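In structure tokens, one chain follows: the form predicted on its own.
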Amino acid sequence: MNLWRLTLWGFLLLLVRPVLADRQELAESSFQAGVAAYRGGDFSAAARAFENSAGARAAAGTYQNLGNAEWQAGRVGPAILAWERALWLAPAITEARENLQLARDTAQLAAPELTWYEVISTWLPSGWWAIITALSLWLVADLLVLPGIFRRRRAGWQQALAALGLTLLLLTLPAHAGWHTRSNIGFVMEGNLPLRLTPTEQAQEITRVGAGEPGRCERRYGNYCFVRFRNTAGWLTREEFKLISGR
């Protein structure tokens, strides 16, 4: 049975490996094309190349460069979205945070309002929270559950480590909740877009929203999102309002 499983995994790896290699090559070649276009002053072409690179392999550095290109091309909404996605993948990128602050000050835009558990979720990349949860869960199970199953007496140091693991596990729960709710935050792509009363093209217009304005997609209907902003709410298409998570 083990030999059969190893053979199956090896076969699947052989099938997937060329695809991964192709995507890696596309990401790298598109990134280099973006760098060349940016240095040449063709910011629109640079933005397209960086977007292709990010589509092949999502990377914080690629989104950072994409934001720079979009901003230089005069597209505020896509620039803010790209920098936010860079921070989504790597919260420690200082340049993306500084660019966001500068862009919002220049365009007079507010940052998304975050709850306390959403703020916690921004401290580390989402993958790190998953790793901490898995390790702490394993630590608690190994030090508390297994000794009871095998009828072994728990030492004091085992109980202390288990308490530490349980504390870490509980602390990751708000971060996971914050990461989930933050995934519904998005930004308006273009300026002066009509916010609709219903999810139809002929819907009554409620108001107009500007490029880069943050909101939350509360529900979806076909190609539309019901977006709640600070002082209003209505329907926008998924092309007009894009989520930080890329969903």
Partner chain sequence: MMVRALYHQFRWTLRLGGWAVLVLGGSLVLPAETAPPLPAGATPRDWYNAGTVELRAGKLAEAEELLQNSVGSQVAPIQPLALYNLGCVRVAQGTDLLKKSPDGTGRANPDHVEMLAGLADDASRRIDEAIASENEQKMISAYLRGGGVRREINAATKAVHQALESKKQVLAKWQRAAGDFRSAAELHPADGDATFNANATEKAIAALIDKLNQLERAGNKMKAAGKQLGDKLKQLKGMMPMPNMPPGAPGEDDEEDMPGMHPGEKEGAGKTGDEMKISPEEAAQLLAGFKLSGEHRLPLGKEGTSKPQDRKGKTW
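Note that the structure is predicted; figures quoted are calculated from it, not measured. Numbering follows the first chain given and starts at 1.
Separately, the form predicted in complex with the partner chain exists; it is not shown, and the next lines address it.
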So, in the predicted complex, is residue 199 in contact with the partner chain at a 4.5 angstroms heavy atom limit? yes
Check whether residue 219 has any heavy atom within 4.5 Å of a heavy atom of the partner chain in the predicted complex, and answer yes or no. yes
Do residue 45 and the partner chain come within 4.5 Å of each other in the predicted complex, heavy atoms counted? no
Non-hydrogen atom contact residue 203 with the partner chain in the predicted complex at 4.5 angstroms: yes
Given a 4.5 Å distance limit between heavy atoms, list every residue of 209-247 close to the partner chain in the predicted complex, or none if there are none. 219, 221, 224, 226, 235
